[in-house]
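One chain comes next, on its own, written as structure tokens: the form predicted alone.
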């Protein structure tokens, strides 16, 4: 029996392969037709937002492989769902949750988190690539997620309201605009700033007091050549809540290994200190080990 996710992928793929334009452009086109009711995939009555997200994601991944671009990358579902689980625990019991993803890409990470948290949630997505924004926007409409989009360099002044939770699969590398980087505490005394450092600072700047930042970071973030700039900033402007090492099996090599950094923006009148959670995610195919790990995360979040 064909699943809803498979049906959605097949529906999009069949259309996109029949067109002469770029595969990713064709995805936007067919999703617009789906949204308008002109044509639709054959779905069961129990279709979920995750079915829709995953079906579109599979098509986008195929399109990215067809036309490889350095800035066209997608956060693996296993990591996205873990971020979603953590975010949902931090948001538990709260209403009108607001999110920010300053490097939203196609929105896959953002929508994974929104689907996990559930209803009563709005988001702001920032992305400089126009095609990725169009893919993200049409996906948001199909998922019925309220998202405000900014098509810009996220490290430029961002006129967005502070949010409860900022999330980002941080773009790693040097930021070339030294003049703009001078507006950040994390601009080093010499050389270019790390873009991933500036994204952390910009995200926390747009987080409410008491709010959280969940970032997918290089595993060697705290040992890099600019860590001497990062450490004082984090100590002064944030509270480090957790550093969670992701399984090596998720990455091509140790050089590409990633972790999850969880920060909290201090309340204006007090800065409470807590123990930092240091943890390593087990092999994600080991269901028992993962259940124990998520239980540990839940206890930490409740505390």
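Residue numbers count along the first chain shown, from 1. In this text, all values refer to a predicted model and were calculated from it rather than measured experimentally.
Although it is not shown, the form predicted in complex with S-adenosylmethionine is what the next lines describe.
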property	result
Touches S-adenosylmethionine in the predicted complex: residue 106 (any heavy atom, 4.5 Å)	yes
Exercise: residue 218 in contact with S-adenosylmethionine in the predicted complex, heavy atom 4.5 Å	no
4.5 Å heavy atom contact, residue 178 to S-adenosylmethionine in the predicted complex	no
S-adenosylmethionine contact in the predicted complex: residue 171, any heavy atom under 4.5 Å	yes
Contacting member of 88, 226, 115, 75, with respect to S-adenosylmethionine in the predicted complex [4.5 Å, heavy atom]	75
The unique member of 123, 198, 165, 154 whose heavy atoms fall within 4.5 Å of S-adenosylmethionine in the predicted complex	154
Residue stretch of 94-102, 218-226, 186-194, 203-211 approaching S-adenosylmethionine in the predicted complex, non-hydrogen atom distance within 4.5 Å	94-102
